[in-house]
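Okay, so here's just one chain, in structure tokens, the form predicted alone.
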């Protein structure tokens, strides 16, 4: 399958630019199993890569031109000059690959231009990190072609900077690290403070279980408002508590910390979510490592309640997925991603998948909502070269 995709993308590249590419690369979207809105609080997260990828065919240029084309966006080739790249100058899709080139050059890496053709199967706006996949695939291609010698976590840092500064979205480090570093058949236990990683075996099929992704088709836009407000609120909470980040508030000291915050109910809710979510990540890691995979379901459901009630980033469609799935016998369910739309995940016994899927689809139909997209999430490989 990868060879066929690489061949098709390379062929289109040749049509656009008059010659074949120097190579073809892929980087995946991700599902976050547990650990939401903890990454920009120096906390713990646990994503795994999806089989859905952004694919890039790329060749170097030495004349300072950056030429960009996407199979997923209407229009022709966009042409930019690398010397002119600057934050805030581009609000379209090209800001993501251009931001990566800018970040590499800002870090002192001599990238003199490129021809790039992109195609992606990662659903946009579904909370599955389509933008991070786009950034990482471009970063990996340029790293290889220009011989920069950067490791996966370093590419992730540069891609995060591209999205924070160039695009203007205040995202944490999880999405880019997942795209760059995940391994097939595993979930990535990541400490976002020091980027230390542990690959945790996560083979649901072998244990008679499945993890479904339910894309509600409700689109979000992280850089527009509410995500940034939550991040600012978390930073306020850390400042009021006198810690570098909310990660430093111990779980067994949470109640004392909440008392110190007084009557600032909004900040109290944000702090409570982050501290309890970090503890949930550690609980899931412990359960998986001890072979008690089915027991992670209630922890996922706890996470959804916290995101819904304390962080307040769920929406009626996400709640409908979770409530319906649990009523039909799911082992656990929660929203995943930044919130305000996007996707939910459902942990289920393999025998229940068809029944659960039908129940969710019928619930959406009764509510007069757009039919959700449902697919199985299989832990897949991180960014890699295809050809």
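What you see is a predicted model, and the numbers here were worked out from it, not measured in a lab. Residue numbers count along the first chain shown, from 1.
One more form of this protein, predicted in complex with a small molecule, exists but is not displayed; see below.
Proximity of 70, 125 and 128 to the small molecule in the predicted complex is complete: all three residues have a non-hydrogen atom within 4.5 angstroms. Interface residue among 214, 182, 100, 134, judged by heavy atoms within 4.5 Å of the small molecule in the predicted complex: 134.
Contact annotation: of the candidates 301, 120, 293, 160, the single residue with a non-hydrogen atom within 4.5 angstroms of the small molecule in the predicted complex is 120. For residue 93, a non-hydrogen atom is located within 4.5 Å of the small molecule in the predicted complex, even though that partner is not displayed.
Considering the small molecule in the predicted complex, the lone stretch of 72 to 80, 276 to 284, 301 to 309, 245 to 253 in range is 72 to 80 [heavy atom distance within 4.5 Å].
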